[in-house]
Ligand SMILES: C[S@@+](CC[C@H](N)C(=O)[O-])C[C@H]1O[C@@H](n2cnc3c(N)ncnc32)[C@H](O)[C@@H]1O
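Next up: a single chain in structure tokens, the form predicted alone.
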Amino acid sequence: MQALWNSKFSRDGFLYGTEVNNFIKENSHLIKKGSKVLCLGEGEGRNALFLAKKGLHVEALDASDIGLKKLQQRALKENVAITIRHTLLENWQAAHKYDVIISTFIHLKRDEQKNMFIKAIDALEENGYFIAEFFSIDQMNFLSGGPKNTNLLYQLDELYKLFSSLPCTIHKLSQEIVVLDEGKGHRGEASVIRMVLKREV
């Protein structure tokens, strides 16, 4: 995965643009001032920069050192502080608890998705939020981006079953058709799964 993403992010410009993901932006009102936020699979940093500019304590984690270097350069240019963590998602272990964890369009094999979600919920403070958007398995029918491998896509029924067994309240978990306009990488109609989960005791 590191080689794949380094290859994608080594091109000129920003593959998924520089604007925050729309779903993250729409739900940013849930993030209280001064919150500790972890951005999982953050790539070139568009979500992390948006949140850091709001005065949040942001940590960005990704497998691509090239993507993270682009993020560092933009953060310096725009005078915001972001903690960088370079590691594979499947190897990630939370160093401490977070008030919010966000993630958009990460590619994980089906057998690794469950572990990532369990770790994410466990890494949240009580009443903390997990806010995320992923490509559903039906994205195979669209040409707007995402992997063309069903093993790297997400299934709504599997996610509902998993989250129903974890210490969290499901505020939103839905599969939707949306129109993406995120750089060259995500453009056009897409089938996505959107979720907002709140950590309980």
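All residue numbers are counted from 1 along the displayed sequence. All of these numbers come straight from a predicted model, not from anything done at the bench.
This next part talks about the form predicted in complex with the ligand, which is not shown.
Remark: none of the three candidate residues (L38, E59 and Q93) comes within 4.5 Å of the ligand in the model of the complex, counting heavy atoms only.
Using a 4.5 angstroms limit between non-hydrogen atoms, F105 touches the ligand in the model of the complex. For F23, no non-hydrogen atom is located within 4.5 Å of the ligand in the model of the complex, even though that partner is not displayed. The closest heavy atom approach of A63 to the ligand in the model of the complex falls within 4.5 Å. Looking at R46, you'd find a heavy atom of it within 4.5 angstroms of the ligand in the model of the complex. Residue-level contacts in the model of the complex: of N127, T87, N79, Q73, one residue has a heavy atom within 4.5 Å of the ligand, and it is T87. This chain is displayed without the ligand, yet in the model of the complex the stretch 38-46 from 51-59, 38-46, 158-166, 171-179 comes within 4.5 Å of it by heavy atoms. Contacts between stretch 116-132 and the ligand, counted in the model of the complex as any heavy atom lying within 4.5 Å, involve no residue at all.
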